[in-house]
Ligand SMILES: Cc1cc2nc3c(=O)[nH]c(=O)nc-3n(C[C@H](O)[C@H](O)[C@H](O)COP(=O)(O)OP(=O)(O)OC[C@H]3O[C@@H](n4cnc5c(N)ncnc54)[C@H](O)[C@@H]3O)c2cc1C
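The chain below stands alone, shown as structure tokens; this is the form predicted alone.
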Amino acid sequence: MERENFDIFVSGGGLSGLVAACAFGRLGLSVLCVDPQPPVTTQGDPKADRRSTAFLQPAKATLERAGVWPRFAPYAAPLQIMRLADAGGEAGEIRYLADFDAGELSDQPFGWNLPNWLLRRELLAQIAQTDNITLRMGVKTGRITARAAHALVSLSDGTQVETPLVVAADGRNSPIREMLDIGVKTWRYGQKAIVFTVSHPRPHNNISTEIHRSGGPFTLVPLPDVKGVPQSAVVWMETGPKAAALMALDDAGFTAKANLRACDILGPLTVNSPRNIWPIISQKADRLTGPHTALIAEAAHVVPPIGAQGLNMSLGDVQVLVDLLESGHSAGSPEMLAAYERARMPDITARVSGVDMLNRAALAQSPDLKALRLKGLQLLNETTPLRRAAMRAGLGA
């Protein structure tokens, strides 16, 4: 069996794994990244990831240090205002709006939104131009054997990799986490998210809008205009049966339901992409490390798509690993991995718990719970210390 040596091995070629590879490569380290699935990098491909990602300010700093932000910037839509709308009354109309403007705390927006398929395209282009990063798609990670100074990783293409640090970015059902016998706690909500893009006659004015009614928020996130026509990405969270019924509708029926749920906030919506559906869970690994191994991204934590926390938490994982390497820690050493666990676990625990609480509030069905949610939004918006604390959280603090 052929043996190769790399400073870092990244298992998983999703967005988090690709960013991690770029960030480690920027340090001058030799990196191998593998993924069992071939990449999809065009919007029209039926397998394209139609979600979008809002990068908060700390994530942008990570992307800049990884050398990839210049590729993203031309396609990014700034998120200047986070708008929360309550439509929980009997008529289903918006009865309260709360706008949180990043300008109250910062000279930059809360974040920048980009479509996931485009992010993958640009990350792959960056890797193709980086000599010390090797990417192998269609290759699975097999057995990992920990030795004193390194790990041996067997791959499905018949090669064996010797590396001091394995970075597991292999998803919520992480095979590496299972190999390491790391437990995971999972919260299920009976929800699914439908994702698609729309055009609309009114400009979004760089406002990301979450409309709360029941079943979860209906969120419109700004995208750059196309030929002068405003565009937004939509994440529509609903209970499982309702989401399935919506997915079964024809295009005209689905568009009508989407417009009803959007409460005419941007004018008539035109659905201009296929729909994808995703299960909603929260999940947290019991620990983040094993011998010569660090779990990142969904191998370590999963949250519902509320407040743009998911991939931003993942880039927080990457940044801590980069900081530890830059500060002189030996890649994959027990000291480095212990420091990673100490740095990330408290933040992960707090954010998973916080998003879980917000999602349960968004699921409220009874009139009493909806009234309580409305009172909570009013209190948050009209109490300055609470408002500013929420905005700091929105900025990634």
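Residue numbers run from 1 along the displayed sequence. Note that the coordinates shown come from a computational prediction; the quantities given were computed from them, not determined experimentally.
Heads up, the form predicted in complex with the ligand isn't pictured, but that's what we're talking about next.
S.K.: Can you pick the one in 109, 316, 310, 88 that has a heavy atom within 4.5 Å of the ligand in the model of the complex?
M.R.: That would be 310.
S.K.: Would you kindly say which of 217, 222, 115, 305 lies with a heavy atom within 4.5 Å of the ligand in the model of the complex?
M.R.: None of the other options qualify; the answer is 305.
S.K.: Taking the shortest heavy atom distance, is residue 188 within 4.5 Å of the ligand in the model of the complex?
M.R.: No, residue 188 is distant from the partner.
S.K.: Can you tell me if residue 297 lies within 4.5 angstroms of the ligand in the model of the complex, counting non-hydrogen atoms only?
M.R.: Answer yes; at least one heavy atom of residue 297 falls within 4.5 Å of the ligand in the model of the complex.
S.K.: Given that the ligand is not shown alongside this chain, does residue 140 nevertheless sit within 4.5 Å of it in the model of the complex, heavy atom to heavy atom?
M.R.: Looking in the model of the complex, residue contacts with the ligand include residue 140, since a heavy atom lies within 4.5 Å.
S.K.: Mark residue 51 yes when one of its heavy atoms lies within 4.5 Å of a heavy atom of the ligand in the model of the complex, and no otherwise.
M.R.: The answer is yes: residue 51 has a heavy atom within 4.5 Å of the ligand.
S.K.: Which one, 264-272, 124-132, 193-201, 67-75, holds residues whose non-hydrogen atoms are within 4.5 Å of the ligand in the model of the complex?
M.R.: This holds for exactly one stretch, 193-201.
S.K.: Do all of 15, 36 and 171 end up near the ligand in the model of the complex, with near meaning a heavy atom within 4.5 Å?
M.R.: Spot residues vs the ligand: full contact, yes.
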